[in-house]
Each structure stands twice: as structure tokens, then as C-alpha cells.
Ligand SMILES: Cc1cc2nc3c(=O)[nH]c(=O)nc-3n(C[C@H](O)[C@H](O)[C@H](O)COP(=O)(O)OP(=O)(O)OC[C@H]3O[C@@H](n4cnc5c(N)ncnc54)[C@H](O)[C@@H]3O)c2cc1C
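Shown below, as C-alpha cells, is a lone chain in the form predicted on its own; questions about how it binds or moves come after it.
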Amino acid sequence: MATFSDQESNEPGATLWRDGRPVYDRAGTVCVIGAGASGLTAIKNLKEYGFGVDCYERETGVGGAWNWRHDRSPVYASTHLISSRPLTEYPDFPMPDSWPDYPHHSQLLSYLEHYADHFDLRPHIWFGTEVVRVEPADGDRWDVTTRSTGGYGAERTSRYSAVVVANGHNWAPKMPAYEGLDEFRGKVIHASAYKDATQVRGKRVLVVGAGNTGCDIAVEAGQQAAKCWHSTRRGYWYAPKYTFGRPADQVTDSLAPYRLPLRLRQWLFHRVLKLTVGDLTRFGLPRPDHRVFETHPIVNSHLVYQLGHGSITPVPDVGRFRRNSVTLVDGQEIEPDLVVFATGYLPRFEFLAPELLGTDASGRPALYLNAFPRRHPTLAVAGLLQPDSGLLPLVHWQSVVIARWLRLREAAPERARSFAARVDAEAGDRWHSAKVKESTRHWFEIGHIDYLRVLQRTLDELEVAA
């Protein structure tokens, strides 16, 4: 049990004590963990609401997952956005009109760097500094212990009025467990270790997983490898990047003002896919066991092209591995040199005790709006979203909600209590009109229109009177 000294101070820099170690009081300052796309907009919006902000970033630059130089980045050389530019940009910082509909990852990194410079965010960021522990302190405050990335140097603990966690959820690989995998003599990697087509060139490659990354890697292997098998457990709906001459997400979004019922939207999208993509079972892909919008959208115009040219061989799920081969669930036996597991990622909050986020035995946190835990009003998570659109506009408004909530707690505690009651009652609820599949991939799946509407209602409720 932690013990605190009787000394309390609202002066930044005052030294407190916890379990015999010094704690440096940052008074009303908010701590943000991570300087990726979510952390940057959290810093910016907290600043605009008058908070002091300290951000800790374990790497040496901004950008998070979009900075390919970072060792945890899942980005590969050919990565492009799968949501179009207008649905991806921050609402108060548009991307250049001269950019393509689907920018390259290097352009998005440049965009985030310019965002940090435009809003003067870098002075608030401690680069090369990782967070070791975040622990509750007296009065809904938090003790944040940091050290130089890699474990070098002494630890330092600072006390903050609130903590916003923005460490991302696409960096801790989820590796499947298959019988015989340990004895397989071929090379096995997770998609997080895939960087460019040289890794598959001339090889016999098995790609496991039908998410957007798995489809991208399968396409590159279809072009460069001697042989490419693409293994999927179920059928999916594969959307093209363009429909009717426009980015597909913009066409879909144009229907939002009409508030069409879900079933009608699903019927319309099925019709569009039938006209533009056709029946993919004729290529050997399994028929989807769900309706459109019930799984995360897969946006790839090249997969069907490669299937149609025979460059990719679709196969069912893996049954087991053997020394020199892989047996599939239908009895086929194939002999790949390289297996790429595009099997997704799991959220990791190494510096937080699981109960602080209401995390269950499977590792899934219970959060209202995918941001607020039940018992800790000054702790929030930014960007823990898997949307059917771009992330940046959503996390912008989500971080505005966080900033406004923290201000309301100071200005109008009575009104704040009603919001806290909703957090307690609705933490863990989904924000999607469709019945989304139950899997780790869909833990944080949201419909962006549904989510934006509830954010707007929340912002109105949390508005602080001038």
C-alpha cells in the first residue's frame, strides 16, 4: 500500500514523497502518454482549454505508428491510407489539396510533423522518455514514473492532476497458436516485421489473415513471390477504393444526412459491391457469413485483380504446421518458405494496473466512449478506436471531450457527477448501429457517424458556462 507524506502543495515543482522516493508536484498539469496522432491532438486541445501539458514519448520524434523509423511502427514501404484524405484529416488542420485521395504513409508523417509545429506542441514533449508506472495518488491525482527509453538512467516520478493515455493499440502483435508451429523449419514473421517486398521476392509465401494489412501483403507477394497462398478463416466483403469515380468512403458518407436505416444502407452497399466487385466465391474465396458493416471494412482494389490473374491462391485456415509443410483445415498440404501472420494486435498498457481501466481476463478494457474508465475520473484513453473511417477527426473531438470534462469537474462539480454516473453505467458499450462480430479485432470497432453523434451530445452536456 502506497504511503503519502502530509506535505501537499499546489506549486509546480514542489517535492512530495511516496514510499520513500521523491515525487515532483506538477500541480494542475495534465500528463499525456504518447506523441502519435492521438497524443498530439490531445496536447493541442488540452492546451486550448488552458491546461499545462507534459507529454512523454518513448521515441525520438512525433508520429507514433506512422513514423516508420520507430521500432514499434507497423508501417511498411507501400502503406497508404485506406480512408480518403477529407475523412482522415484533423478538422482544424486540412491536408494539402494537391495531395492524392489516399496519401502515402510518408505524407501522413509529414502532416503530423507540421501539425506539431503549427500548434507549437514540441516544447511540451519529452522525447526518448518512456513511462514505467502510472499510479493513483491522493485527490484523483496520478503519480507518473518515467525513465530514459531502454531502461537507462534513474527513474523520476511526477504528480499530475490527470493522465491521458495515447500509446496506440497497433504495436503489440497478436500471434496465433497452431499445433506444430515450433517444429516448422520455414521462416515465420508477424506482419509488424514486414517492411517491403524484398522479404517475399522469389519465395513461396503463405499470408495468414484477411485484414487490410494481410490483403496488402498478399498483393505484394502475388506480384513478387514465386508462389502466394492467402489463408482466411471466413469470407469478407472487399470494398474497392473507388466507386462511381469517387473514393468509396466519400460516397458512403454522402448518405449520412439522410439517416437511412441500417438495413437499407446494407442493402445499398451489397448492391454496389455486386456491381463493382462481383461474386468473389468464383475465385475460391469463402462466402461472407455476415452482412456489410458487421466487420471492419477491408478496402483493397488490387486483391481482386491479383486473384483474377491467378497470382494469389486463396486457401482456408491453417490446421497445423509440420516440419517442412503446413496442413490446411480442408486437408491440403502446402510448403511455404515464409509464413506471414497478419493476425492483428492487442492493446497493451504496461504501465497501468489492469483494474484501473476495468480490464477483463481477455485483456479488453471497459471504457465509456472507448475513453473513460468507471472509477477514475481523471484518467482517460485517447484514440482507442477502430473506426470505419479515418481516426484523426474522431480522436480530435474525443480529446476535446476529455479536456471539457476535466474543466467541468473544476467549474461545476454537480453537473460533472451526472456525466460520471453515465460513465459508470455505460462503460464498455459499443458505438455502432450494426451487430459487430465478437473478436479481438473488433473490440474497439465503431461506426464513425454513430460515434460523432454521441460525442456532439456529450460536448453539449459538458459545455462550461462562460
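Note that residue numbering follows the sequence shown and begins at 1. Just so you know, these numbers come straight off a predicted model, no measurement behind them.
Another form exists, predicted together with this ligand; not displayed. Remarks below refer to it.
Spell out, yes or no, whether the shortest heavy atom distance between L392 and this ligand in the model of the complex is within 4.5 Å.
Flag for L392 set to yes.
Please determine whether S83 contacts this ligand in the model of the complex, using a 4.5 Å cut-off between heavy atoms. Yes, contact at 4.5 Å.
Can I43 be called a contact residue for this ligand in the model of the complex at 4.5 Å between heavy atoms?
-> Contact with this ligand, no.
Answer with yes or no whether I402 is in contact with this ligand in the model of the complex, where contact means some heavy atom within 4.5 Å. No.
inquiry  = Which is the contacting stretch out of 63 to 71, 425 to 433, 404 to 412, 22 to 30, given heavy atoms within 4.5 Å of this ligand in the model of the complex?
reply    = Stretch with heavy atoms near the partner: 63 to 71.
Original post:
N170, T157, Q199, S161: which sits within 4.5 Å of this ligand in the model of the complex by any heavy atom?
Top reply: When this ligand is considered in the model of the complex, the option within 4.5 Å is N170.
Have a look at F351, F293, Y194, F269 for me and say which one sits with a heavy atom within 4.5 Å of this ligand in the model of the complex.
Partner contact (heavy atom, 4.5 Å) among the options: F351.
Query - Any residue of 120 to 156 that, in the model of the complex, places a heavy atom within 4.5 Å of this ligand - result: Residues within 4.5 Å: T129, E130, V131.
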